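The chain below stands alone and is given as structure tokens, in the form predicted on its own.
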């Protein structure tokens, strides 16, 4: 049975419009003939250099932006249909870079309750959802805290809990760890992976950290508003020279294996992490 598609881009183009010097509207295309299917339950990472269109496709995924041409559908609903926009945003929740911009209440549990309250969820159901969401991201014990007293990683987990409490099927995260230290990044990534693997929530993670992309089921690489690579992390990161040409890094272990191969050392071309790399080097030395 074919996996159900929760988000679908069908030949989508989008351009930001601005007033030019001659007072006419000028358009800068950032997404161009873009097509993508995201199956329900998948953990998808989207990579690309600044300006390639990845943040734009994130906003197209829940109707913050609508296509100039082509069609975006969320669980069968067109994002261009104004009557469906509330249902679309119930289905696809957004988490952005700066958690301070998403936290609206002075107490953690009140902040997580904000979304369900606006959806008209009954109070007893809100209580259950809030507790469940905070437990899911490991923040239940902080439910009575003031958000400004939390670390960056804790704030971002509260923002994620606020999305979960709305019973979303999919969470789209636009560089959610970009402003965090390594510990905060790990906290957020642990929460993301738990939501996907244990709860079956579809995750679209836009990131510039290769070690985060390695944890995904699938990696899409964008350039100039189009997809240039698409596949499992092991297959995508084999294309070291192509990724470098696009101005992107690769995981450190992949980079080391690539350099060893370039120098004539017999090591596999699909290394992703340090443990794999060490094992491959030992095997190659034993053969020698």
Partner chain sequence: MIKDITIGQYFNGNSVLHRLDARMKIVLTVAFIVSIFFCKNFWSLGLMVLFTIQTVIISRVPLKMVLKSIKPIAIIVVFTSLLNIFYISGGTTLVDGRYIDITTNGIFTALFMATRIVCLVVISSMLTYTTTPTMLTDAIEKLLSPLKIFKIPVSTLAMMMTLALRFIPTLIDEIDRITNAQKARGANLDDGNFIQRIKALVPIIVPLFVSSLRRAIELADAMDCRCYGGPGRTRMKQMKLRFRDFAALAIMVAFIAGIIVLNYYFGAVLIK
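Numbering follows the first chain given and starts at 1. This is a predicted model, so every value here is computed, not measured.
The same protein also exists as the form predicted together with the partner chain; that form is not shown, yet it is the one meant from here on.
Asks: Consider the chain as shown here, without its partner, and state which of 55, 42, 62, 239 has a heavy atom within 4.5 Å of the partner chain in the model of the complex.
Replies: Spelling it out, the residue with a heavy atom inside the cut-off is 62.
Asks: Please pick, from 214, 113, 136, 201, the one residue with any non-hydrogen atom lying within 4.5 angstroms of the partner chain in the model of the complex.
Replies: None of the other options qualify; the answer is 113.
Asks: For residue 102, is any heavy atom within 4.5 Å of the partner chain in the model of the complex, or not?
Replies: Looking in the model of the complex, residue contacts with the partner chain include residue 102, since a heavy atom lies within 4.5 Å.
Asks: Contact with the partner chain in the model of the complex for residue 71, defined as at least one heavy atom pair within 4.5 Å: yes or no?
Replies: Flag for residue 71 set to no.
Asks: So in the model of the complex, does any heavy atom of residue 75 sit within 4.5 Å of the partner chain?
Replies: Answer no; every heavy atom of residue 75 is more than 4.5 Å from the partner chain in the model of the complex.
Asks: Is residue 182 near the partner chain? Define near as a heavy atom within 4.5 Å, in the model of the complex.
Replies: Because no heavy atom of residue 182 falls inside 4.5 Å of the partner chain in the model of the complex, the answer is no.
Asks: Heavy atoms within 4.5 Å of the partner chain in the model of the complex: which of the stretches 201-209, 113-121, 186-194, 214-222 has them?
Replies: Among the candidates, contact is made by 113-121.
Asks: Within 4.5 Å of the partner chain in the model of the complex, which residues of 70-87 have a heavy atom? Give them in sequence order, or say none.
Replies: Heavy-atom contacts within 4.5 Å come from 86 alone.
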